[in-house]
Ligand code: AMP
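The chain that follows stands alone, in the form predicted on its own, written as C-alpha cells.
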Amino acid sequence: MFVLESIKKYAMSDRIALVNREETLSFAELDARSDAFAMYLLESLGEDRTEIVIYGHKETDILPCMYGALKAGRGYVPIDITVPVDRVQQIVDDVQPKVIVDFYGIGLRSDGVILSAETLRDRISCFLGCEVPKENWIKGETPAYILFTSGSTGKPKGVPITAANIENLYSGLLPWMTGEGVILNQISYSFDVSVCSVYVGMAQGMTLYTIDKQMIENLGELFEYLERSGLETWVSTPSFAEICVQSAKFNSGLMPKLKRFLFCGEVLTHKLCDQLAERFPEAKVINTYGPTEATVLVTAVEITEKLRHDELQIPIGYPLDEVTFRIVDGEGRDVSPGEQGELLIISKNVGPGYYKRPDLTEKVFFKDRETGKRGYHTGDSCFEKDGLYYYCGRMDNQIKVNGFRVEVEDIENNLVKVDNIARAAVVPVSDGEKVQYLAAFVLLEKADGLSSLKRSMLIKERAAEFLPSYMIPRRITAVEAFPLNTNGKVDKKELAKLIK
C-alpha cells in the first residue's frame, strides 16, 4: 500500500512524522513501532483478519496501531473518546474484534484481547527490530478501516473503505494537496476527513501536527501551538476555522508558512472565505465534498475571488479524476443542466457498502452498467453549472452539524431513552447556508415541575449517556402535544415556527 511504502522511504531520513504537544515521532520510529505491532497481530492471531478496534483520541501510539494493522493485512476501527461508552460497546459487539487497543480503560466487554497503552508497549517490545514482509500488507478490496456513523435505527452504521478506495483517493487528491511540510492533524480519527492527513499527507512525508480536544477548548493554548506549528497545509471542517477567526490573532502572522486551507465535511460559506482571504492573502482556499461511503471526498475547487463574489453559494467543486457524477430526479432520470436533483457518484472511490448490512447496501449502492464501477446514491440535492457542482442540502433527514454527519431519527431514538421522555422530535436550525444547531422538542410522560432551563440541562446531561456531544441538541423544549400533518406525522415545519 502506498502509504506504507512512503513510511519505509522516509524512515531512512530523520524526518518527523508526528508532533503531539511536546512529544515527537519520527518516521523511523513510526515504521519500527508499526512493524512491531503488525508482528504481534500476526503472531497472536495467525490467519484471522478481523479488524482491530482502537479507542482513544490523539495519542501518539494510535498511528503505529493504525499502520501496524495495515501491515498485518487487516483494517482498523477508530473510535474517539467523545463517543459514549454504550455506543462504543455497540460497535465492539458488531465487529467482535480479537484485539482492542483502549487508551482510556473504559471497561469494554469483549472475548478478544484488550490492550491498555502500557500493555500495548509491553506486548510489542519483543518485536521491535522485526520487519513485516510486504506480502502481508493490506491490499485490494480488503477494508483498511471502518468508520461508524449515525444510523436511523439508533445504532451506529459501519462504512468500510478498502485499500483500493484509498489508493484512488490519493491519486485524485494529489494535485490539490502536495508538499512535504507540516499538515494539521486536528480532525478526530473516527471522522473521515482525517484520512486526508493520515494517508495523503503522510504518504508525501508531511509532518502531522496534532491539535487535540483540550486545545480547542482553550483558544489561548490553541493559538500558542498554532504559532509554533510551521503549518503549511490546513485540513479541517469549516466550523473549526470559524471558531478560530473569532480572534483577530488568527492571521498570516500566526502561521506565516500557510499555503492552503482544505475544507471538507460541511457547507463552506461566503463569509468564512472572505475572512480567510483577508487574513491569509497568500493562502489558497480549497473546498471539497464527499460522503464517507465514497472515501472522504470526490470533488475539489479553489475558491477564487470570482467565486467568492458570485451570488451563488460556494461550489463543492469539480469531480476528481476518474469520478463521474449523475444528477437524477425522483424517477432516476437525468435532469437538465442547472436543475436540482439527487447526486449519484460513480467511482473507484465508492466503498463496498455497509458493514454487515446487505439490506442497507442494496438501497443506495449500485453497479454502473456502462463502466462496471460501483455507484452510490448520496441523498444530496445538487446542481451543476459550467462544470462546477453546487450542494443544495439533504434530500432526507441526514444532515451535517459542525462537520459531523448525523441522522435526525438517530438522535430522536436515543432521546427517548432518557427517563420521562415519551417522544422526541429534532429540528435543524440553519442560517440559510448551513445548519447552525439542533433544537429538540420532547413530550414528557408526566409533569416534572422543573423550569425550562433546569429541564434542558438535565436532559442534556442524561442524553450524554447515549449520544456523542455533537449530536445533543442545543435547545430542548417540552411541549404538551406535537402538531401533526395531514399524513398523521409530526409536523416539523410547525415545530420550527416555535423556535425564536
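None of the values given here were measured: they were computed from a predicted structure. Don't overthink the numbering: it's just position in the shown sequence, from 1.
Here the subject shifts to the form predicted together with this ligand, a form of this protein not shown in this document.
> Just one of 96 to 104, 283 to 291, 328 to 336, 136 to 144 has heavy atoms within 4.5 Å of this ligand in the model of the complex; which?
This holds for exactly one stretch, 283 to 291.
> Considering non-hydrogen atoms and a 4.5 Å limit, which listed residue (Lys417, Arg394, Arg357, Lys271) is close to this ligand in the model of the complex?
Contact check passes for Arg394.
> Consider the chain as shown here, without its partner, and state which of Gln275, Gln398, Gln340, Asn251 has a heavy atom within 4.5 Å of this ligand in the model of the complex.
Only one listed residue qualifies here, and that residue is Gln398.
> Quick check on Val267: any heavy atom within 4.5 Å of this ligand in the model of the complex?
Val267 belongs to the contact set for this ligand.
> Within a 4.5 Å heavy atom cut-off, is Ile316 in contact with this ligand in the model of the complex?
Judged by the heavy-atom cut-off of 4.5 Å, Ile316 is in contact with this ligand in the model of the complex.
> Using a 4.5 Å heavy atom cut-off, state whether Asp192 contacts this ligand in the model of the complex.
Yes - in the model of the complex, heavy atoms of Asp192 and this ligand come within 4.5 Å of each other.
> Would you please decide whether Arg405 lies within 4.5 angstroms of this ligand in the model of the complex, comparing each non-hydrogen atom pair?
It does: once this ligand is placed as it appears in the model of the complex, Arg405 has a heavy atom within 4.5 Å of it.
> Taking this ligand in the model of the complex, which residues along 89 to 107 bring a heavy atom to within 4.5 Å of it?
Heavy-atom contacts to this ligand in the model of the complex: nothing from 89 to 107.
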